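Take a look at this single chain in structure tokens; it is the form predicted on its own.
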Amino acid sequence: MQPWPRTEEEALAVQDALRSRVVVEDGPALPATVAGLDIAYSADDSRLAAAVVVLNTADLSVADTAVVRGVPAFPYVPGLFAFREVPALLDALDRLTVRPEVLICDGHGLAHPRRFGLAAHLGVLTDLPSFGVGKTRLVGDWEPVGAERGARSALVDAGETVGAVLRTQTGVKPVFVSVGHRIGLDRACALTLRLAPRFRLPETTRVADRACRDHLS
């Protein structure tokens, strides 16, 4: 592996090179296993814990968990946030004994100023189907979303559809779904709904969030 970027210019060059390797395809319709990935930071932002939790899609039971502690690998720069987190998440992925079929990030993929957010970055480096489910918008605008579970609206940035604003629970704020690598938006949205039977966020995000927070504390 190439040395990890140390400057904004180096990171932008890596981002541009990797973006060309994103594969656009439908991806698996119903993967047997999915992984949630999340990171928690210490109060002073000097330490982190990265968690990857693999769930069985059929019953949402936990098949495997890996959590690692570390430090941010890059300064905070808008649009380059993935460079802080990717090394720790790759380390956690390497420690799994169950290889997930799909990666689901707490973040964004195509819905990014340079169309290469965390979900795309991890997908390209692992060559696993990947997408992001964000709690908040990073880029784009959308028309009002219906109030019922399953309603969605296109997330559009500069005339390009970069994701979907998806209502996972009736009357609850929607989430922002964007593809990263080797999976289409329709399947990413369908899988998000399957993984969110009771709450706004998919279980992949919820269990990974708990795992990294528990490990950090």
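In this text the structure is predicted, and so the values were computed from the model without any measurement. Just count from 1 along the sequence shown to find any residue number.
The following text describes the form predicted together with the DNA, which does not appear among the structures shown.
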Only one of 101 to 109, 143 to 151, 87 to 95, 122 to 130 sits within 4.5 Å of the DNA in the model of the complex by heavy atom distance, namely 101 to 109
So in the model of the complex, is the DNA close enough to L80 to count as touching (4.5 Å, heavy atoms)? yes
Taking 4.5 angstroms as the cut-off for heavy atoms, does A63 touch the DNA in the model of the complex? no
Does the 4.5 Å heavy atom contact test between A190 and the DNA in the model of the complex come out positive? no
Quick one: is H215 in contact with the DNA in the model of the complex, heavy atoms, 4.5 Å cut-off? no
Under the 4.5 Å heavy atom criterion, name the residues of 157 to 183 that approach the DNA in the model of the complex, in sequence order. none
